[in-house]
Structure formats: C-alpha cells, structure tokens
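Single chain ahead, written as structure tokens, the form predicted on its own.
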C-alpha cells in the first residue's frame, strides 16, 4: 500500500550522522535572512578565494549534487539503484557562461551522459538545457524575430547543430533525452526545435522529450495540440510535466513590460492544471510517454490512481516519476518500493560553477511552510522512530 509517510524507507540509506547533517542544513535554510545574506557571502568568498570550498562541498553541495564529474557520481548512481531501484538523470548544471567553448564543453558532457546511459537501466534518461548550448540573448532575438547578423545566423546554426547531435546520439544509443523548459521569452524557440526533433526521432518510440511548465496558463492547450499532431503524423510524443521554475522572474517581466502575466494567479490553479495534464497524458498513453517531475504528493497520488483506473502497470515504461536529488526522498523511494518507475535529477559539475544552482535550492527551501518544513518534519519523524527502536532494543 503506497504511503509517503514511511520514513524508514525514505531514509534507510542514511546513517544517524548523515540524518543529523541534513537536519542541520534544512534548519539553516529555514531562515530567509541567512539564505539572503549567505548568497552574497558565498559569491564574495569564491571571488576572493576564501578557503570555504571544502565546507560547501561537504554540506549543501553534498545534499543536492552528485559530484564534480561523472565519475564522482558513480556512488550516487549505484546507491540510488542498488538501494532503492531509483534511476539517475545526470544533469551537468554549470551555469552563467556564454562563450562557444563552454557550449561545446556542455554538449560534450551531455554526450558522455548518453554514452553512460546506453544499455544502462540505472540511468533511464539524459537531459540538457538549451541555454547550456546557446547564448540567452541570441535565443531572445530569434524568438522576437529580430533580424540576425550574418555572424548571429551562423551562431544559431551551430546551436541547432549541437541539439541535433545530442538528439541523434540519444536515438542511436536508444537513450531517452529531456529538453528542459526555460523562460517564456525564449521557450517558443525551444518548443519549435523540440517539436522538430520529436518528429524526426520519435517514429518508433519516444526518444526526445520536451518540457511543459504547468504554471503557464496556456500549456494545457499546447499539450493537447502536440498530442493531436503526434496522432495525426504517426509518432510518439515525449513530454516531461513540471510546475515551473521562473515564476517571480516571469511576473516581474510582465509587469515591467505591461503585458498579461503568462503565469497562473494561484498555486491552486497550477496544481489543478498539472493534474489535468497528467490525466490528458494517461488518456492518450498509446501516443504519449511522459515523466511527472513533481515534489507534490497529491499529484503523485493522482497519477498512481489514474494508472490503476486504466489498468496501467506500475512499471509501465511509458510513465515515470522524477524528483531532485536531495529532496522528497519520501516520495521517490516509497514510489519505487511499490514498483513505479522513478528517477532522481542528479546535478553535477565543479562546486564553483554549480553555485547558482545551489543558491536556487536554498532559496526555494526558505519557506518553513513549504519544502523545508516538510523535509524537517520527515527527518524529525525518522529520528524519533530510530530513537524508539533503539530504546526498545536496550529495554529489558
């Protein structure tokens, strides 16, 4: 019987020391002022080369990242699959670079993850962000249909060539690959490229997956259109469903530029649309392969119920759940214990280059009523369970 309250399963791979370390870390992230000022301090400390790298790597980096390179991630890959039957999605998460050499480096890292995933049940997907392969400003110009210079046109051709190389490598290796979602003012050009790759490589099975962010109020219509196109043209639609990652930025830009925000007005509306998207995908499962990327317990239960109602087996290859490494283990591991397909996004890369990612994780965990509160409650529950078990062993 599926239950997300089973902390024994959620933390069975964590020693008491590791559990206490996680407790301390999430406790600290529960203080917004500490996160706010800590962000500036970390950037300053790395800039002036203060000796804090080791501390960062042993604390927040260890909680949310797999390692500085693919080899360092092997222990995480083996632990997730061997201990929980949970797959790994290796995500090279270095950010903030905007030169051709860094784009080529990122492409080559993703190619390495594809090669490692080939025939490897422990790694069910590869993933990339287009902004890891292209200048953000270039994508903005392309989507706005601004005239490109001759040099910019060649630059965009190189971007498309990188994406084509990754998707072809994934198809040749029979490895499914996600294209992550980004801001609305570049998402249309991402969608167009993703649609082209999906049509090209998903004839026999779903290889390329686009990402739909359900905090946008127009995405249900888009999802329906894409599924209809797949039916009409005879290919499989691959999609990762997420709530979305750029809400504050989207609303601020809409306000500054005086247009209607594309983001739902309430969390409840986003939750409703996310669950609706799950229902649509399940109802069209003969044409759709999808991954529910969510930390929301209600949405996960909704999907399991929809699968049961439709007679879809827990381990059906067309349906996956995914959560971020270091968060929501009570969801991931309890789902996997019931035989569902589950994977963890495992970011990797040098500590300095993953600093923006780590800061985002800290910021989204500052609300005591949100993720941090839930993680702390689960850790406290498990600590109490272990204390009770220990006392029962020593009591005559």
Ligand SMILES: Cc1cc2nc3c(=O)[nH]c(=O)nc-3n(C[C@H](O)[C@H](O)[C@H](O)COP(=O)(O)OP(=O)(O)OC[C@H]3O[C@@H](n4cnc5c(N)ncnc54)[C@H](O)[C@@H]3O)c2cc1C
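Just so you know, these numbers come straight off a predicted model, no measurement behind them. Positions refer to the first chain, counted from 1.
Only in words, not in the display: the form predicted in complex with the ligand, which the text now covers.
- Checked against the ligand in the predicted complex, the candidates 226, 304, 173, 270 yield a single residue with a heavy atom inside 4.5 Å, and that residue is 270.
- Of the candidates 275, 143, 202, 296, 296 is the one whose heavy atoms come within 4.5 Å of the ligand in the predicted complex; the others do not.
- Contact check for 211, 244 and 374: all three have a heavy atom within 4.5 Å of the ligand in the predicted complex.
- Of the heavy atoms in residue 322, some are within 4.5 Å of the ligand in the predicted complex.
- Although the partner is absent here, residue 264 sits close enough that one of its heavy atoms falls within 4.5 Å of the ligand in the predicted complex.
- Taking the partner from elsewhere, residue 235 is found to have every heavy atom lying beyond 4.5 Å of the ligand in the predicted complex.
- Within 4.5 Å of any heavy atom of the ligand in the predicted complex lies no heavy atom of residue 168.
- Partner proximity in the predicted complex, defined as non-hydrogen atoms within 4.5 angstroms of the ligand, places exactly one of 147-155, 104-112, 75-83, 256-264 at the interface: 256-264.
- Contacts with the ligand in the predicted complex, taken as any heavy atom within 4.5 Å, map within 338-356 to 345 alone.
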